[in-house]
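A single chain comes next, written as structure tokens; it is the form predicted on its own.
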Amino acid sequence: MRKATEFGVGLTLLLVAGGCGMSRYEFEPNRVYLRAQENITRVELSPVQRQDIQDILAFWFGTPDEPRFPALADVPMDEILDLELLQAAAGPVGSEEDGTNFGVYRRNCAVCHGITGDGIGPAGAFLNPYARDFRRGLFKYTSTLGPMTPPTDQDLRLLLERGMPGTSMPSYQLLADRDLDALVQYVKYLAIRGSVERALIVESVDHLRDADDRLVDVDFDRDSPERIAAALAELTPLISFLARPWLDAPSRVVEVPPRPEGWDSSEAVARGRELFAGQVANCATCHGDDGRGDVDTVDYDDWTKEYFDPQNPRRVHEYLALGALKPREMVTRNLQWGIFRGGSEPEDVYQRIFHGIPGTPMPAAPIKDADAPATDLRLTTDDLWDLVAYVLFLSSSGDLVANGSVASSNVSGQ
């Protein structure tokens, strides 16, 4: 027997819900992205065309209380999303008599990330940095190759267990394994659903030129599910295209090579310092020679760039009125603080250098191929380990480096 409550979400979200156990949540349309695309194409969708997008999404992906996903002929969605875990994460907060939880996302995540996964939960506007908007399907901390390759389940699970130091994202290591796995599934679900919504918006503004044009010619309130599914068949390749990378993500993992002997020696730190300031790694351009991150740069993350143009800042008020959060400039990490949001183990730092941080100005390192000639100026794996040694040395002995001195002790021994 289930005991349903809404108390785990926070008082503000409870009031919005309308009371204990009374769930009235709906997925909010991505109004900001829609307006941005309308401004680019100079096409404004009619209310019917906008509603069609939401009706299509509801038919394919259900509601916050009853999530689902479509069956596809060419992509096994049940290998990407586990429906049982997805349903455990969704819906009102409560538990079974045996202690099995449900509504896990709403209890732990919605107050910051929002029911829709847009990063605009009741607490979202007050956070710095803002909570992640999952709808773009873009994640900063992954082990997979390529800026648009999704994370693996293990990547997401690891982030939940660790939290994100220096932000409002706490560690959820004390949650039950099933709850953590359910959250991983729900984040993936929100990302895929949000990406499909964006694709439907682009499809609409690109092809609907008349107010009477529609993506599909069905009555969602009256037609049978079979007729609706047949009418949507031409659009299902959008889901396949956006879901397949999640299926392929495990095959795109780049394993971190073992630490070489003497990886954290003073000689490695000295080499890393030269690379850090050199033109190939080019770290000092943003982080400064001593890693303080106080170089005068003005840039924004990719989520902000979708609606904010620094050359036309007055237009931002239009997007703020639609729910966008006030643009904030990116702040380059001060490496001397030793706060690494993607993990502070040497292997974590290696991954951040190798992969970069997608969605931010932090690029992936230029890696030299195994058969590249000696004149190739790109970086080797040993170079990356030297950079790791220097970055970790900065985080523990930054003042010595700033003064031009490199300690003789190993990083691991400080």
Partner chain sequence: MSRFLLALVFGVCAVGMGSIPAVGQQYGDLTATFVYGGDPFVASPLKITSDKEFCDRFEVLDETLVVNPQNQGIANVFVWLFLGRGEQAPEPHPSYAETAEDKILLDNLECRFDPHALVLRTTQTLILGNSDAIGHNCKIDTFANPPINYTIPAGGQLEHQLKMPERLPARVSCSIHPWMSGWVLVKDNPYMAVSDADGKLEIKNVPVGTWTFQVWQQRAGYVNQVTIDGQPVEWVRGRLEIEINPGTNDVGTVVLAPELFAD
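All of these numbers come straight from a predicted model, not from anything done at the bench. Residue numbers count along the first chain shown, from 1.
Beyond the structure shown, there is the form predicted in complex with its partner chain, which is absent from this document and is the topic of what follows.
> Just one stretch in 40-48, 343-351, 381-389, 55-63 has heavy atoms within 4.5 Å of its partner chain in the predicted bound form, so which one is it?
Within 4.5 Å of the partner lies stretch 40-48.
> Contact check in the predicted bound form: S143, L275 and H317 versus its partner chain, with a cutoff of 4.5 Å between any heavy atoms. Do all three pass?
Not a single listed residue reaches its partner chain in the predicted bound form, so no.
> Though only this chain appears here, would T285 touch its partner chain in the predicted bound form if you measure heavy atom gaps against 4.5 Å?
Result yes; T285 sits at the interface with its partner chain in the predicted bound form.
> I'd like to check something about M362: if you look in the predicted bound form, is any of its heavy atoms closer than or equal to 4.5 Å to a heavy atom of its partner chain?
Yes, contact at 4.5 Å.
> When the contact criterion is heavy atoms within 4.5 Å, does A281 count as touching its partner chain in the predicted bound form?
Answer yes; at least one heavy atom of A281 falls within 4.5 Å of its partner chain in the predicted bound form.
> Would I228 count as touching its partner chain in the predicted bound form under a 4.5 Å heavy atom rule?
Residue-level check for I228: no, no contact with its partner chain.
> Note which of V205, A88, V218, I80 lies within 4.5 Å of its partner chain in the predicted bound form, where distance is taken over heavy atoms; exactly one does.
Looking at the other structure, the residue within range turns out to be V205.
> Given that its partner chain is left out here, which of V75, L180, L158, A199 has a heavy atom within 4.5 Å of it in the predicted bound form?
Here the answer is residue option A199.
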